[in-house]
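One chain comes next, on its own, written as structure tokens: the form predicted alone.
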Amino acid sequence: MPRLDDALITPLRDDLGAAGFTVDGVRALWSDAAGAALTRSHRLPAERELAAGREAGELSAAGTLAWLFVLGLQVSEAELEGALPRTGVRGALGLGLVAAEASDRLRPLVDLRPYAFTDGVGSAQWWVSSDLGELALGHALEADHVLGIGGASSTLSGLIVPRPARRALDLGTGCGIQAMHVARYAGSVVATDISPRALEYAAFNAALNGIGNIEFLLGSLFDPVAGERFDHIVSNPPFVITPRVEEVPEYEYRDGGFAGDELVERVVRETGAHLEPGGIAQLLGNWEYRAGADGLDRVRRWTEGLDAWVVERELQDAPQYAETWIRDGGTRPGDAAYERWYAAWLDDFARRDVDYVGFGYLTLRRPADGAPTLARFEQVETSGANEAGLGAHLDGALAAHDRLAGMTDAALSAARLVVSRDVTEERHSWPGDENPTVIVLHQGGGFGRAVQADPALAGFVGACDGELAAGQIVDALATIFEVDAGELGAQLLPAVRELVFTGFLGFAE
């Protein structure tokens, strides 16, 4: 675990930058095939490609750092002195980044790697430390393992709504990545975790990247901030559903110590009390499908009193879910414990009659005044191209919802709409037919939705160039299709509202 030393942090930051230890710099060290193998937890191809230059004394500073902190292999003191000249071997030892071995060798104690992203503020690059993974350790993870940037954390960081906040909360911060992201929008951030080890990593990462507006507090869930409210809450909580039996290990970064999906339920139910009026919470979570009932209906009951938009991105049956999380800890089929743990998971699910487990994200909001107006629970497979993540799309959808919620059909008919620039249209017809049999509207950004449209709706969308009011377009289409304008409007306007919320259409200003 790294140690925070203010006198050494700046030299380390300067060394990492001077070495070209960046995402692009590391990617250029090995071939695409070797990089792909590394993402599959096989380091040998990358190791071989770096070894020749290393043996010849031609390995760059970035190559040495990648060899040590990304591949988890030993280097000599001379190599590390060359790669971190300002920090030096003594500084790296003092920061807890490496440990001395026999014969002038140094082994890594942390995983340290560059991380690049683009958000609503712009593009940036950080360095993020975490515990060494099973690839470097050579064995399964320890219970107090501090995870680096994984798929779930990347998902949540991309969802963060780019909205200024006076005060924000990162619940269960882990290595601190979400706290650092939300700190780009918030005046101050509180980051909590039940793991002292995780808080040490999070504080180190914030200091290494020059982020000073985060306070780190030890405690479970909302306990460290009892009675406090925030404008923005983000959380990648330890939501993994794990059997509560002694022989199955519990990892602090993923297992919250509750049965089933009770931890996510508790977080959701307690969130409203910690939001300022109009404040937003963004969470990841799992929820169970029990006895054939819809898991999203379970989540709906948890969100009482809040605006809620819940997206289920993935659904796994009980055996798939068990296999995923047993492997996540480093245990593989054929290991002595694998079948025992597999049975424990299936027994645990059987006790609650669980058929499936859903995974997704929740956007919750405390109404600024009055009752909630948003209750949207849906299954969506994200396929849109969102360079800066989905945060801006979510923010736009919430704003559209608020505007539509106070808008009568008459007011919507008077509004002028425009087609979003990422929308395309696909038409299919039988050979020789004049009219299409299928019309599909595709969204390039956002969630990458596809909406099947009839000729009237497709014609309406095609006419939305900001010049005519929606009601005028309906009247024109009624004339073309020789139908009653009032009936056509009653048919089209609910679909138009949905297209505005989902980002296919926008208001012309």
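Quick caveat, the model's predicted, so the values are computed rather than measured. All residue numbers refer to positions in the sequence shown, first residue = 1.
The next section is about a form of this same protein that is not shown, the form predicted together with a small molecule.
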query: Candidate from P243, G389, G360, G172 lying within 4.5 Å of the small molecule in the predicted complex - any heavy atom; finding: G172
query: Heavy atom within 4.5 Å of the small molecule in the predicted complex - the one residue of I211, A337, L221, L132 that qualifies; finding: L221
query: Distance check, W345 to the small molecule in the predicted complex, heavy atom within 4.5 Å; finding: no
query: is_contact(G256, the small molecule) in the predicted complex, heavy atom dist at most 4.5 Å; finding: yes
query: Heavy atom of E312 within 4.5 Å of the small molecule in the predicted complex; finding: no
query: Contact flag, P238 vs the small molecule in the predicted complex, heavy atom cut 4.5 Å; finding: yes
query: The small molecule in the predicted complex: contacting segment from 378-386, 346-354, 190-198, 312-320, heavy atom within 4.5 Å; finding: 190-198
